[in-house]
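Quick setup: one chain, the form predicted on its own, written in structure tokens, and binding and motion questions come after.
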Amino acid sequence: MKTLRLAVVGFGRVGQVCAELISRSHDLSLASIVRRADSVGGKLPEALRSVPVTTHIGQVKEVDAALLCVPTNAVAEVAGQILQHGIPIVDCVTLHGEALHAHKQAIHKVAFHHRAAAIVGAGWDPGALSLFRSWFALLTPGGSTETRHHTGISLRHTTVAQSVRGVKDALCAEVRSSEGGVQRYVYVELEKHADTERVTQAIRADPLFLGQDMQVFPVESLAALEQEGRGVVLDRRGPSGRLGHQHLLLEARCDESVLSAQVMLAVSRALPELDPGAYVLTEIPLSAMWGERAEQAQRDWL
């Protein structure tokens, strides 16, 4: 099987994890890291120093697909630019329900027109967690599902904060108050000479943060902060009756960025087999995500 050459577009937390995982992969290779013009000179981890860094996908040579690791509100524009080159894409937008459906339809039109495949919403949630929800619903038709999130890291808010000019890195933690409301603590590691007040105002002005109870804390190093990750409980209860009352429970505590990156890499392996157009994770055969390891995966997990 041909080694897929992937470009990572955006180098925030998810982009960094994607690049690191690709560099360790035996069947994927990192063609380029695509960054904003004002960030292209930024220092890369030692393991990635030899990887070409560009400011536009058109500058990347021999690329099979692009992983879009940019904020959700920028994905549609970036996806359109890349699909115009006939390059397949994978995104991990944090949209649900009708919003995700509308996003998929919009991307589908562009992808189909340019004869390229696109997989949207391929992260942790939506994405992997959506598969669990779907299977739980299939196993207990007529039941009800409750999803409870533990206090932890908000990937979407973190990504938006990271995109603010002057921010080197950011981390947004969610804390539930005694009254039940959500408070957001945004920790930012600033670029040299960045103005703290201007960065704070820019974060507060983003539509995602408007009207929310939040505080911004500049820190010297985010690496020094303890990161517990995000927790979730998926609780599915089937209807009572002659066939019994089924109760399915999934509990996880995880790093959303890492799991989102793992999903993006997995679905990228399925891109060569897909017809032009847009897909969500539930439409991708599980065997295709294993790539060349599909037969061994069947022996191991079936």
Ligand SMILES: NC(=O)c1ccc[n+]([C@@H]2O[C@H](COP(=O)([O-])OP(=O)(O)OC[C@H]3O[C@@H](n4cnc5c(N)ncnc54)[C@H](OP(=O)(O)O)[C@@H]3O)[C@@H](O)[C@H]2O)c1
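Residue numbers here begin at 1 and follow the sequence given. Small disclaimer: the values here were computed from a predicted structure and weren't measured.
Omitted from view is the form predicted together with the ligand, to which the following refers.
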Check: Should T158 be classed as touching the ligand in the predicted bound form when contacts are defined as heavy atoms within 4.5 Å?
Finding: no
Margin query: Under a 4.5 Å heavy atom criterion, is S39 part of the interface with the ligand in the predicted bound form?
Written below: yes
Notebook entry, point to check: With a 4.5 Å heavy atom cut-off, would you call V14 a contact of the ligand in the predicted bound form?
Noted result: yes
Note to self: Taking the ligand as it sits in the predicted bound form, is V78 near enough to touch it, meaning that at least one heavy atom pair lies within 4.5 angstroms?
What the structure shows: yes
Notebook entry, point to check: Within 4.5 Å of the ligand in the predicted bound form, do T72, P126 and E256 each have at least one heavy atom?
Noted result: yes
Margin query: Which is the contacting stretch out of 183-191, 97-105, 116-124, 139-147, given heavy atoms within 4.5 Å of the ligand in the predicted bound form?
Written below: 116-124
Notebook entry, point to check: Since exactly one of C172, L83, V90, V93 fits, which has a heavy atom within 4.5 Å of the ligand in the predicted bound form?
Noted result: V93
